[in-house]
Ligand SMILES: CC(C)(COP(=O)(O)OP(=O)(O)OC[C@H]1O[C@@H](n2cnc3c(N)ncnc32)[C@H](O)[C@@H]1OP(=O)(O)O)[C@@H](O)C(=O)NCCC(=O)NCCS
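In structure tokens, one chain follows: the form predicted on its own.
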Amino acid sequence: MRKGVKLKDESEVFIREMHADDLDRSLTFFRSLSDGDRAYLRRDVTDRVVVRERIERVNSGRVFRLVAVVDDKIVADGSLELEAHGWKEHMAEIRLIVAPEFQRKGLGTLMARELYLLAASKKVEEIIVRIMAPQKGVQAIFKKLGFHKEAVLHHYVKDIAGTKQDLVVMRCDLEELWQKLGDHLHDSDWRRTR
């Protein structure tokens, strides 16, 4: 899959699956983020071993990664992580980060929608996101995308500086989302034939 999409400013990016040879591009992307942008990420994505492990997890068949690329440079990274078999097998988690210079241009929404379509193709019924409480902007974006706050776990996680933060869990029911958005997901500008 490789899909060209236009952003709000009319610039074009390509959204595609992450490949094994994206290691250096991915590492460059994460290292270019400010400390503030990386403060709430789960792992140290400036470490080559960590980035390699992220890419290799795609081979498990339970993790799917998409990247947005401009001039062979990654400008956004998103993943859909299917839950293990058992009582949560109908669920998946989305993770998404966009380079600062591409924020507020609609790229995060485009990436999220591609991840929704991927989730639907995998028969996922519900998607969750886990966000640290200080990430108010991220919470607002996911609320706009159909997520609602499900729980807040107080002082549950630590940010990159080691400070305890509340963890906000948000959830989106895909069937409910499809009904609410209807044809917008199927025939609007952002979706083109694969």
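Note that residue numbering follows the sequence shown and begins at 1. Computed from a predicted model, the values in this text were never measured in an experiment.
What comes next is about the form predicted together with the ligand, which does not appear here.
Let me test this: is every residue among 97, 104 and 129 within 4.5 Å of the ligand in the model of the complex, going by heavy atom positions?
All three within 4.5 Å in the model of the complex.
Residue 158 near the ligand in the model of the complex, any heavy atom under 4.5 Å?
Taking the distances in the model of the complex, the answer for residue 158 is no, it never comes within 4.5 Å of the ligand.
So in the model of the complex, does any heavy atom of residue 32 sit within 4.5 Å of the ligand?
Answer no; every heavy atom of residue 32 is more than 4.5 Å from the ligand in the model of the complex.
May I ask you to check whether residue 8 falls inside a 4.5 Å heavy atom distance of the ligand in the model of the complex?
The answer is yes: residue 8 has a heavy atom within 4.5 Å of the ligand.
Can you tell me if residue 137 lies within 4.5 angstroms of the ligand in the model of the complex, counting non-hydrogen atoms only?
Yes, residue 137 is a contact residue.
Tell me, out of 167, 58, 141, 27, which residue has a non-hydrogen atom within 4.5 angstroms of the ligand in the model of the complex.
Of 167, 58, 141, 27, the residue with a heavy atom within 4.5 Å of the ligand in the model of the complex is 141.
Where does the ligand sit in the model of the complex: which of 44-52, 66-74, 159-167, 141-149, heavy atoms within 4.5 Å?
Flagged stretch: 141-149.
Under the 4.5 Å heavy atom criterion, name the residues of 32-47 that approach the ligand in the model of the complex, in sequence order.
Stretch hits: a single one, 37.
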